[in-house]
Each structure stands twice: as C-alpha cells, then as structure tokens.
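Next come structure tokens for two forms of one protein chain, structure 1 first, structure 2 second.
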Structure 1
C-alpha cells in the first residue's frame, strides 16, 4: 500500500500542468461555494434573529387557542407556575414575559390604533435591546408608571416627552380598558409598521389597564441552543400539559420560513451548477489521464501488477489532487468568512433603506458554520470518486496485447 501511495504521488507530478489545473478548479469551486453559502446562511440567520426579536421570540408558551384568535380572554392565569417549571430546564437561557393587546390611542385631536406591549424592562432589553432604540427621553424602569411610544406614532399624534396619551380599548372579559399615561420615552423601530403603532408599558401597569392582574399573553423562551428547539418543545409540551400551547418561531412566522426555503433552493441550484462544472473538469482530467496511459497500464499488467493495484493507484492520484485543492480552497476562504463573520459588510444607499424597511439591519453577515465547510468537502470527494468509474471500467476491460500496441 505504501508503495502504491508513493507511486501515485510521483505520477500526479509527471504532468504538472494537468495537476495544477485540476487542483485550481477544485480550489476555486470550494472557495466560491463556501463564500456563497456562508453569506447565504448568514443572511438567513440575521433574518431569523431580527424577526424573532422584533415579535415572536424563538418559542412562545401561551394558553391553548390564544395564537389563532389573539383573544384577550385567552391569557395565562398562572404565569409564575409556568416560569417555575421553565426554570428547572437546563437548556433554557431565560424567559421573557409579555402581555399584548390592541387599543385606540388619542391625543387632543387625533387618534390611531396601536399595539400595546406590557414588558419586563430588564428582560425585554436583554432579549432585543429595546433600550438601545430610545431616541428621546428614557427607557422604562421596573416601577415606571409611564409609557414608551414609537417615533412614527409620536409624530402622527404630535406628542412628545411628558405629554399624555389616552388609550381606550377592551379589557379582560369584556370590561372597558381606559387610561391616560405620561410619555417617558420615544423609540425608533427599523420596521416602519412597528414604528407607526408600537406602545410599551410595564407589565403591572398593563395588567391594571386591562383589569387582568397576574395574567400574561405569553412567555417567550430563549433556548441556550436554538438548534434544539424541536426537542425542547416536545419536552415542554409533556411537562406543561394540554392547557398550554408551545409554538416555535417556525409555527408563528411561516412567511419567514417560506422566504428562506425558496431562497435556499435557489442557492442549492447554483451550487449544483457549480459542482457540475467542477465534476466535468475532474472527469475530463481523469479521462485524459486514463487514455494517455493505456500502454503504461498494459505494461504494468504484463509484468505482473494486478489490475486492482492499478485502480488503487489511480484512486490515490485523484484523491491527492482533490484533497490538495480542497484544503487550499478552505484555507483561502476561511480567513475571509471569519473576518466578515466578525465584521459584517455595512450597506448604504437604496439597498440599505429597503432592508431597514423590512426591519433588518443594513449589513451582510457571514455565517461561520463548520457543517458548511464539511459539506463542501464531502461533495467534492464524492464527485471525484464518481469520476473514477471510467478508469476503473477501462482497466477492468483492459486487454494486454491491445494496450501494448497503444
């Protein structure tokens, strides 16, 4: 075996030009595939992260039937018991409580429908950095009696810091929800829709507003590893029972899932085309390498070398060229992927504005995913092994006399 490997290494450098071309074709295909896939996966990760932090969280626990109708009468009545159960789970990082309702907000002469969210200021800020979005005034404190409103809503109602916002809506089990609150801060959301209708207050103030003390709409669960969501959901459904509904962001944001799946399919098609080009390049190299050496193979068989050893020698020749190109491609791509993973590309102009309108930060992040690197290597190796079917077939059918005649 050692002699076969040594012979294979020497053989690939007998025709240096062919070897270099083959290695470079593998190198550039791996390089382009890794850059393209890392950018694609990084964009998906940013889209998911932005979507879950703006709205649903990675996972929600709420009263069964709440999500379908968003009824204010379907609130969690024993949130502390649920929180105690969740605190015993080692794969949960933290829990964010929320109480959400819709209401009518009014100033002296204008009114508008708003989405009110009752939050725990410290946990909400930890989850989505809401405090960093404050552009005027101050972020909510634990004992705040006032509210935060979005900048677009503030402009529409012509209200500023310390002005009073009146809100009227439906409370728990049909009671009237009426209150007036001082504006403590104004926040700016990247999402235009949220920026025109978002209002925030502390959970105790919200519970008083709708007449539902000790009630919550949902508990947002942040797992230590988002990849374990399905296993965590199954575990929680078993522990919490049929009274509660456990939903992941994929259940609550199907439009995001569909967008990612359709775009991902386009990316896979591009990778397939790229690998087809590389596959034909490797196959061409293998075919030429086989046809040029028919007489050599005939001589080797004539002097007593078994065909299986010739096939093994060719296997190592292709493997060496492929692995060399593979490692050089990864070595070239990794520093670029790593750098842009830590320092995403910042966008400007119209593209930046369109991304911000979708609620996304105007950057192009790269994903540093080891499975992506491994996948490219496995695919290239499989293509190379498949290309060996031609020389293996040719050598298997080799006739010594015909081969020696060239």
Structure 2
C-alpha cells in the first residue's frame, strides 16, 4: 500500500502544469462555494433569528387547536404545570410566557384595532430586547398596571405618556373585556405593521382584562441549540400529551420558510453548476491521465501488478489532487468566513433602510457552520469517485497485448 501511495504521489507530478490547474480548479470552487454558502446560511440564520425574536420564538406550546383560529377560548389553563415540565428539560434555555388577544383601542375621538400582548417584562426583554425599543417613557415593570404602546399607534391615536387608552374586546368564554390603561411607555418597532398596532401589558393585568386569571395563550420555548429543535419538539409532545400542541417557528412562520427555501434552491443550483464545471475539469484530467498511460498499465499488468492495485493507485492520484485543492480552498476561505462571522458586513443606503423596515438588522453575517465545510469535502469526494468510473472501466477491460501496442 505504501508503495502504491508513493507511486501515486510521484505520478501526479509527472505533469506539473496539469496537476496545478486541477488543484487550482478545486481550490477556487471550494473557496467560492464556502463563501457563497456561508453568506447564504448566515443570512438565513439572521432572518430566522430576527423573525423568531420579532414574533413567535423558536417554539411555542399552546392548548391544542389554538394556533389555527387563535381563539381566546383555547388558552393554556395550567401554565405552571407546563412550566414545571419544561424546567426539567436540560436542552431548554428559558421559557417566555405570553397572553395575546386582539381588541379595539380608543382615545377621545379615534379608535383602532390592536394586538395586545401580555408579557413577563423581564423574560420578554431577555428574549427580544423589548425594553431597548422604548423611545419615550419607561418599560414595564413586574407590577406595572399601565401599558406600552407602539409609536405608530400613539401617533395615530394622538396619545402620549400618562394618557389613557380605552380598550374593548372579547374576553374569555364570551365575557366582555373592557379596561382603561395609562400609557407608561412608547416603543418603536422596526416592523411597520407592528408599529401601528402593538400594545403590551403585564400578564396579570392582561388576565384581569380578559377575565382569565392564571391562563396563557402561549409559552415560547428557547432551546439551547436551535439545531435540535425537532428532537426537542418530539420530546415535548411525548411529555405534554395530546392536550397541547407544540409548534416550531417553521410551522408558525411558513412565509419565512418559503422565502428561505426558494432562495436556498437558487444557491444550490449555483453550487451544482459550479461543481459541474469542476467535475468536468477533473474528469478531463482523469481521462487524459488514463488515455496517455494505457501502455504503462499494460506493462504493469504484464509484470504482475493486479488491476485492483492500478485502480487503487489512480484513486490515490485523484484523491491527492482533489484533497489538496479541498484543503487549500478551505484554508483560504476559513479566515474570511471566520472574520465576517465575527464582524458581519454592515449595509448602508436604501438596502439598509429597507431591511430595517422589515425588522431585520442591516448586516450580512457569515455562518461558521462545520457541516458546510464537511459538505464541500463530501461533494469533492463524490465527484472524484464519479470521475474514477472511466479509468476503472478502462482498466477493467484492459487487453494487455493491445495496451502494449500503445
């Protein structure tokens, strides 16, 4: 085996220019693929993170059937029991409780439909930094009796700090939900829709408003590792039973999933084209390496070298060239990916504004994902193996006498 490897290594340097061109083609394709893929995955990660923090969280637990109609009559009636179950799970970072309803809000002469969210101020702030979005007044405290409203809503209703907002809506099990609340703070949401209709109050105040003490509409679960979300879901479904529905952000934000999937498909098509070009390049090299050495293979078989050893030698030759290109490509791409993972590219101008309007941070982060690097290795290896079919077939069918005639 050692001799076959030595022979393979020397063979690839028989035609230095060809080997260098092949290695460089692999290097650049791996480099480009890694940069493209890291940027793409980083952007998806940021999109998911922003969407998740802005609205649903990574995972929510509701009373069975809540999400479909978001009915106020399908609330979690024993949230503490659920929280106790969740607290026993080692793979959960923290849980954020929420109670969400729609209502009509009115000032002296104006009214508007609003989305009210009952929150635990400290947990909500930990989850999405809601407190940082306060532009006027103060953020909610645990015992606040007042509310926070979005800036767009405050402008529309012409209300400011310490003004009173009246709300009327449907409460739990058909009762009227009516209340008037002092505005403690005004927050600015980047998302224009939210900025026109968001109202926040503490969960106990909200429970009193809708007449559902000790009830919640959702428990937002933040896992320690978002990649294990599906496993965590299966685990929770088993533990919580059929009374509850456990949904991930993918179930709750299908439009984000669709956006990512369609964009991802474009990226994958680009990668396929890139690797097809490289594949043909490698195949060309392999073909030439085989064709010009038919006589040599004939001699080797004649003197007693088994065909499988010749095939092994060619396998090592291709492997050495492609692995060399692969490692050099990774070595070149890694520092760039690492740098932009730690220091994302900051966008400016119109693009930046439009991203901020959508509630996304105007940055282009790179994902530092080992699976992305591993995938390049697997793809290059598969291309190499595919390219070896030609020499393997040729050697398998080799007729010594014909080969010796060259």
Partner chain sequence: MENSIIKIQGLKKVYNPDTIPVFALNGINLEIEEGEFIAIVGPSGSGKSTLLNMIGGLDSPSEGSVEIGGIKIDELDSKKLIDFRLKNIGFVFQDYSLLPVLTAKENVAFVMQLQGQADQKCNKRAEELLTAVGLQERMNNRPAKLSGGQQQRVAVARALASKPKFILADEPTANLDSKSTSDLLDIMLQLNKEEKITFIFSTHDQRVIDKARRVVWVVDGKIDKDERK
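Only a predicted model underlies this, so the values are computations on that prediction, with no experimental measurement involved. Between two forms, the rigid core is the largest collection of C-alphas that superpose within 1.5 Å. Positions refer to the first chain, counted from 1.
As for origin, structure 1 is the form predicted alone and structure 2 is not. Annotation: Cα of residue 309 displaced by at least 2 Å between the two structures, core superposition.
When the rigid core is held fixed, the Cα atom of residue 299 travels 2 angstroms or more between the two structures. In the rigid-core superposition between the two structures, residue position residue 11 carries a C-alpha shift of 3.0 Å.
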